[in-house]
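Just one chain is shown here, as structure tokens, and it is the form predicted on its own.
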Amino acid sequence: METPIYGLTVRDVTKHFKRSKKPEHKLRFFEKIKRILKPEKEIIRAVDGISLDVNIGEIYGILGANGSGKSTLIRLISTLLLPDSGTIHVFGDDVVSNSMKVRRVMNRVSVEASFFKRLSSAENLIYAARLYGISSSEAHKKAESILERLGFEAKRMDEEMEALSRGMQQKVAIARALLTTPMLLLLDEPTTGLDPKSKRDVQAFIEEIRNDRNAVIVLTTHDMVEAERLCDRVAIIDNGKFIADGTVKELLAMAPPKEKTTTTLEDVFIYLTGKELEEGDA
């Protein structure tokens, strides 16, 4: 029997970092000098043995507090970081040995998207498209269509990026990722900073992309309602490890039932981790 080819396969992936160890008490002068000359390091297990499979046409959500490892995992999948161990395959291709091939079929939206702030959104998008061999005229037409679908008025495409709100800049970031028609779309908190209407516009567009293209979508989010609406399956990550994975219905069954209110994903998250979603270091 042939092994099925998933859109995304992650097997026992780890990524650890070293950082200066925080002192447990106020340091005396000679202790500060000692730390400067010989700094103490600690290991941060950002991603610690994670495995997952995402089917073609599936939206896979990852819930976790700040500092839990979800953004590091996205960077590993997107080839921005190399794993310390384990393997990641996109449509059967290894992201390390076939990184250039993998990059041609994926794109990423980050909550910390960067732009040329003195250029307009149109100029930023055309520049990005040209890197992928898309002509300027085609890029402008496609960018206008995507932005209008996201609720971004075409007449504002010539305004400098620094004049746009945080939410509008995020819409441009989403449009930039979609210009290349990626078959794997990595969305790292894509609706953070958006007003409620814009958030709904983006969520509807994400659903449309999955349905129209049968794309593979990985979504990290703090928004429980967003996860319930969009995701076919959801994983909860804590301290670099997946502590739960399943459909929303399966996850809701993990928390003790409440008498007068309906159990939510937030209830499940707090029950399994003992944390609020906003806890942790960024």
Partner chain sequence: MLNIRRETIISYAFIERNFNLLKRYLNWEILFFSYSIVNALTIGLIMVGRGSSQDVLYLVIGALIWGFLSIMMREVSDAITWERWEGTIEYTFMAPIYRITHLVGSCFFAILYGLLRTGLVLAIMPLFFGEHIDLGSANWFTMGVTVCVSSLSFIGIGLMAAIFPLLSPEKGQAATGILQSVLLLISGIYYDITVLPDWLQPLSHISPATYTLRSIRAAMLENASIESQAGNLLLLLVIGIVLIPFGFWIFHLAENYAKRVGRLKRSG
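Positions refer to the first chain, counted from 1. All figures in this text were calculated on a predicted structure; none of them were measured in a lab.
Heads up, the form predicted in complex with its partner chain isn't pictured, but that's what we're talking about next.
A heavy atom within 4.5 Å of its partner chain in the predicted bound form is found for one listed residue only; from Asp94, Asp195, Glu144, Glu160, this is Glu160. Note on the partner interface in the predicted bound form: the residue among Ser114, Ser137, Asn211, Ser85 having a heavy atom within 4.5 angstroms of its partner chain is Ser114. Note that among 86-94, 129-137, 146-154, 200-208, the stretch whose heavy atoms approach its partner chain to within 4.5 Å in the predicted bound form is 129-137. The candidate spot formed by Lys15, Ser120 and Arg176 lies fully in contact with its partner chain in the predicted bound form, as each residue has a heavy atom within 4.5 Å of it. Interface membership of Leu187, defined by any non-hydrogen atom within 4.5 Å of its partner chain in the predicted bound form, is ruled out. Residue contact with its partner chain in the predicted bound form: Met168 places no heavy atom within 4.5 Å of it. Taking the partner from the other structure, its partner chain in the predicted bound form has a heavy atom within 4.5 Å of a heavy atom of Val109. Residues Arg75, Ser78, Thr79, Leu80, Leu81, Leu82, Met100, Arg103, Arg104, Met106, Asn107, Arg108, Val109 of 75-109 are found to place at least one heavy atom within 4.5 Å of its partner chain in the predicted bound form.
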